[in-house]
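Before any questions on binding or motion, here is one chain by itself as structure tokens, the form predicted alone.
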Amino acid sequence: MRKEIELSVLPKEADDTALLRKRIASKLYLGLKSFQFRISRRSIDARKRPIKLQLRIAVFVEEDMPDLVPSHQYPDVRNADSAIVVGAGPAGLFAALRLIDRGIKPIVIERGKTVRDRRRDLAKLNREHEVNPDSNYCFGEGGAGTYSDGKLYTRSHKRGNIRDILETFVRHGAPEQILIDAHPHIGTNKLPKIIEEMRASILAAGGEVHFESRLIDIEVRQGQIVAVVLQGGRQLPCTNLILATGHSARDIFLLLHKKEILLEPKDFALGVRVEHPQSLIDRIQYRGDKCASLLPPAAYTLVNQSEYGAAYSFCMCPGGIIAPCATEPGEIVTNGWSPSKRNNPFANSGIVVSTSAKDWKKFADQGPLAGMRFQQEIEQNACQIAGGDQTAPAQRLVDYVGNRVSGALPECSYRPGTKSCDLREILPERIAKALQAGFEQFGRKMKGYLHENAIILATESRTSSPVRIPRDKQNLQHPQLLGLYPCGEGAGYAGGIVSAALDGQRVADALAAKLAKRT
């Protein structure tokens, strides 16, 4: 018999198996040796002192405890019908694995390099400011998800089976604790090996994965995809194409627009990345609790509504690093990530404001690409103002709020370096004012947030895709082009690793259902 109970414990008690066993036995009126148990959910309750951990515990009475993650065997699809998947990010990889489960051979096409070779280009980007347009923090095996912290928390519970996504990660090497933590996180240092194992599963089942193979054209006849063309002129026959190229693949948006394939503009958020000493955030959030040293580095979630719009935190990275995420020379883009232990001395977060067509009216003649052009102009302006390389324009947070240019900047985790600038010269006026109002309110909500050593960097601009590639709600195909399955963040249907993975599975299921009807 299986039972579930809730326990509230001090942080120092959470790993005391004997103590937990006694409390479970007392609560369920059981003998100490008559059951097995494991923690199935763990969260922090920091609303009052002392801070406690809330545990949901699965108790197995007089029966064996099943495996936490069931085994899974992918079928051999080397001789099966195939479908092409463009993009090896979370959406593309999970689409490929689901195609295999449905008896379809995936042929994965990725513009960037393997996750191992990609590291060399990231090192050049950080040390030498050299941006490789096909191999960077956004492009390459694993996509942007590989080097964006590995946060697996999502509100997309109606989009699919989140547990299945997490179990797939665990089967490929992720720690089992992601199945337990309320806000699961893998860490950028561990993700590359997990991504390599996913590739190994695809290959072992008979699928294909091709790197340094940029999609440059789609051949269409009578409204049906018939082939794709790769960089160098290589052409592959194709009647079913899952397009999972990510939110930064501007060349794909341009290609589709040039071919008069229907696109739609999409709202996205724009702002800055703020960084504080992690010790400061811990003190603010844990309020000096005596058990704070046993707790993970603290995070925060903030939002403020003002007359200029809502400013809110995005992709908060405790114990993290700010990374240069440009995909072309001449632009500045920032993002954040954390290692698995979240043990770096800084905490960073995007603080952003939603934009809409009113903000892009200057580019109205660009049609569905107006938001993309607006985004691009701001990133390029940031680069020019800061000196033309990957040095990021920056300002002390207190100076930004006080309308002052910083005379000197505090230490920062952004490795290419920072330059003191007035960020109002980069950000649109409405966005700048909404951010200022937000920071002022955040300082009231979190005493100490407006700290002398807090720094903000521009720009945080790749929060989501500025373009949506439309698709039918039922069969998930593009309404104009048969065989095209827009997928993931780049198509405008996801916002993070888990939601992108879920969308990849949904699209693969829709494609498989179509093929099944033909047989």
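In this text, residue numbers run from 1 along the sequence as written. Source: prediction; values computed, not measured.
Heads up, the form predicted in complex with a small molecule isn't pictured, but that's what we're talking about next.
- Every residue of the trio 91, 315 and 335 has some heavy atom no more than 4.5 Å from the small molecule in the predicted complex.
- At a distance threshold of 4.5 angstroms between non-hydrogen atoms, residue 346 is out of contact with the small molecule in the predicted complex.
- Proximity of residue 396 to the small molecule in the predicted complex falls outside the 4.5 Å heavy atom cutoff.
- Proximity of residue 245 to the small molecule in the predicted complex: non-hydrogen atoms within 4.5 Å are present.
- Within this chain, residue 374 is remote from the site of the small molecule in the predicted complex, having no heavy atom within 4.5 Å.
- Here is the short version: of 202, 218, 86, 115, the single residue with a heavy atom within 4.5 Å of the small molecule in the predicted complex is 86.
- Contact with the small molecule in the predicted complex, judged by any heavy atom within 4.5 Å, is made by just one of 433, 283, 172, 214: 214.
- Heavy atoms within 4.5 Å of the small molecule in the predicted complex are found in one stretch of 465-473, 482-490, 57-65, 24-32, which is 482-490.
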